[in-house]
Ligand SMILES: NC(=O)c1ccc[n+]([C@@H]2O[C@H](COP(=O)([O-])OP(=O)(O)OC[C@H]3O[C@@H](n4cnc5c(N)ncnc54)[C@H](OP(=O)(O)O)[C@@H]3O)[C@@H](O)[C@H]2O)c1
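Just the one chain here, the form predicted alone, laid out as structure tokens.
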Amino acid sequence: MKAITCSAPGGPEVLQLTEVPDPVPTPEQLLVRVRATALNRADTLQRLGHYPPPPGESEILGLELAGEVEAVGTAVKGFAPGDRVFGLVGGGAYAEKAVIDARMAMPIPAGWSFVQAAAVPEVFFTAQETLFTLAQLKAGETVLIHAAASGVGTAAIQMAREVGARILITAGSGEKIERCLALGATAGCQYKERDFSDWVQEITNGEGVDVIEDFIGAAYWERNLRCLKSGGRLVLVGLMGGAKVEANLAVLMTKRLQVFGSVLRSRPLADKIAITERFRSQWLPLLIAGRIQPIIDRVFPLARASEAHRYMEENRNIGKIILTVE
């Protein structure tokens, strides 16, 4: 089969379309003819050599897929060749074929395209687990979502809107803020023009926010703590601004703050199956009904994966970047 491989750690130019052996499904897996996959920041980190796949997972990039079942493992029930499926994988989706544990695979709803389905798993699973399973965001609370025009950010805005939260966001341009407001955000701060922590204090009349969804890490640490109310919850989803901080623990204690960290890729399979089930019961019906939707920025063919990576690293996208596999 054809797949995108890395000639060596480095920039987008190291991504090459090459011939590799077909994956072989275990008894619990499906072999899927991939029709679409999507970019995630984890892909760019792996390409740079900073985020190796968990043991046993494919070295090929790609954490989500949509396609058609080509073969079914001997222990699998409920799927047959030709079924249209989508789901989260630990790697391997930048390819013509990939394997997925059958308990992680979901039937693609009627009327959905492969592109639409491929844009869902990573971002909606992440927003679900961080905002709701960990931070327990509720109706009437205020959430601050950083990098709000990203795939996870656009999913998180819509999900927070559905539960009745007040949604403050940061983004890097006026266009991105306008798109986020159209999705349901209450107000936005262009972080390149002013300090977001001053803006949060101003817009909340000094009260702060209940929950913060943060992809930046160290560079935002002090300002995030300033933005939180007493009893507030900070969820760290990414470390784009560094991983190490010097912390004043007294602030955490006196404000009774909670700090959560979250990754999906290295979680045990049992956890990922439970996450998939929560999504299927709580959020997939809203996607099928059209009340929330994946936001898709651009679609590239698989052979142009390097161009897609460059586009992501320039922070030009609003929502998901998709790769189609012909």
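In this text, all values refer to a predicted model and were calculated from it rather than measured experimentally. All residue numbers are counted from 1 along the displayed sequence.
What follows is about the form predicted in complex with the ligand, which we do not show.
Put simply, of 168, 237, 183, 98 only one has a heavy atom within 4.5 Å of the ligand in the predicted complex, and it is 237. Though the ligand is absent from this view, in the predicted complex it lies within 4.5 Å of a heavy atom of just one residue from 258, 262, 26, 282, which is 262. Remark: residue 81 does not count among the residues lining the ligand in the predicted complex, judged by a heavy atom distance of 4.5 Å or less. In the predicted complex, the ligand lies within 4.5 Å of some heavy atom of residue 150. The closest heavy atom approach of residue 172 to the ligand in the predicted complex falls within 4.5 Å. Proximity of residue 35 to the ligand in the predicted complex: non-hydrogen atoms within 4.5 Å are absent; the residue sits far from the partner.
Candidate site formed by 41, 215 and 312: every one of these residues places a non-hydrogen atom within 4.5 angstroms of the ligand in the predicted complex. With the partner omitted here, the stretch from 98-106, 237-245, 133-141, 70-78 that lies within 4.5 Å of the ligand by heavy atoms in the predicted complex is 237-245.
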